[in-house]
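First comes one chain, alone, set out as structure tokens in the form predicted alone.
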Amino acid sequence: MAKLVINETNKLGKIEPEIYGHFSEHLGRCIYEGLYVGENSDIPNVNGMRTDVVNALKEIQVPVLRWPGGCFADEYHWKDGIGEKSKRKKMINTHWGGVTEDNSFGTHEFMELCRQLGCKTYVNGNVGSGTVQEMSEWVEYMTFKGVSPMADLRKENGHEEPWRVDYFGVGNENWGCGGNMTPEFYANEYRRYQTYVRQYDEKNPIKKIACGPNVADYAWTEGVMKTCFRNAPDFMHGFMDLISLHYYTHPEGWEIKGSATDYTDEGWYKTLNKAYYMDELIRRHGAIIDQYDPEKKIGLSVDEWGTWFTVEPGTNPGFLYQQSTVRDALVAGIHFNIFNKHCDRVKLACVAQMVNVLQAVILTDGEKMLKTPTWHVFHMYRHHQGATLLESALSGVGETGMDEWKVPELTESVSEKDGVITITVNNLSISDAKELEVQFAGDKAMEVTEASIVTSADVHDHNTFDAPEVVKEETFTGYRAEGGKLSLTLPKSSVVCIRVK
């Protein structure tokens, strides 16, 4: 029998709520139709934001939202998205689908969406095709309270008080769609651009995020950190607060990717194996960052992660619309347990993307809306937000999988908040249940306060607009509590959460 030993007296660090963040890009139907329908839509909305979608997102306690991209960010010129909507510039979204972008969703609309969600703001600036002045003026427009050209322009556009910008990304994927730069060139650009991301609100300073690596490009991480640190000012006071990492899970490779719903047992294990690769990426990039930041004051921002499959048949290839199955639920659980365990370095993460794109938590079709299996895992794991990571270790756990596509049978993470311990465990086997004994160091009686599970009889199951609750979070009853021990029977292909006090 597998055993999970929890030392509830050894507290390892805070799991930042922002680890459970989201990403919304001007891509496909993520913003338009998904989040924003306009004030005149027949679909119920508040200031243009879909009421049903906002309410569903509030249920999972969205901590932070990243916008406007993605690749779109480095072609986005923020002044096109302010002022009277009928006069805003139109453009072709050359990255995603070749459709017309009318800029009706801009800075004011993003801030309104975050207000309704009650979440922090993460704005991504344009380094690839924008100027230092443009970025500096955007920060001034959003955050300066006094008299200035940009603050006056904001007031003219109907918002007297400045907003709070919690995070600002200085460019996006500048190794690729953000300018095809070398790490040294980008790092020097970062040093210059970030200088003019002014801190107008000293009580709530903006945290600056540097563009980090694509997957396993360790040379990029080394080059950026080395160049940024060379003759740098006091690095820990506003020069760089986080550095990003982007990694997508696609089982059949970048070109083919594979179907979101039609996969073999091998396809299941390929996907989970590649999702679990996130652990190695964090460890190896983290080791490079440690050379320059041993005190771990610079956070890792995994602000694009998730599955990336071939688009659903009959949809625009540039819209990246895909379904979400039990497999995606396990991918989410694997990532969250990894992020939690690395909370000493990982301070922010954003699933890609929020609605109707890639591993979305919500899908919409006109007035219809559904919650994907990934939404239900977010809901389950919300208890980890802001909690304290506890020391925990699995034993008696082997590997499962096929050929070279092996993964641990189980992954887990444990946290404590307000006297309640949250245990989340994934059973990665596509075929076998797993017995797990949970032992607390204190060996004292524990009362189970809540237990839930996300799984389904068929690992290909997913929610449709005709059947929106095929896969959902349900009450978990497969446990026995005896004194200081818990015994769990974890069904195959399941994500389980059990809370005790």
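Predicted model, so just to flag it, every value in this text is computed and none were measured. Numbers for residues come from their place in the sequence shown, where the first is 1.
Missing here is the form predicted in complex with alpha-L-arabinofuranose (AHR); even so, the following discussion is about that form.
Residues within 4.5 angstroms of alpha-L-arabinofuranose (AHR) in the predicted complex, judged by any non-hydrogen atom, belong to 351-359 and to none of the other stretches in 420-428, 205-213, 375-383, 351-359. Just one of I289, C71, M111, M278 comes within 4.5 Å of alpha-L-arabinofuranose (AHR) in the predicted complex, counting any heavy atom, and that one is C71. A heavy atom within 4.5 Å of alpha-L-arabinofuranose (AHR) in the predicted complex is found for one listed residue only; from V454, V438, L27, L35, this is L27.
Taking non-hydrogen atoms only, H246 approaches alpha-L-arabinofuranose (AHR) to within 4.5 angstroms in the predicted complex. alpha-L-arabinofuranose (AHR) is not drawn, but in the predicted complex it has a heavy atom within 4.5 Å of F23. alpha-L-arabinofuranose (AHR) in the predicted complex comes within 4.5 Å of a heavy atom belonging to N172. Although the partner is absent here, E304 lies within 4.5 Å of alpha-L-arabinofuranose (AHR) in the predicted complex, judged by heavy atoms. In this stretch, 482-501, not one residue has a heavy atom within 4.5 Å of alpha-L-arabinofuranose (AHR) in the predicted complex; the partner itself is omitted from this view.
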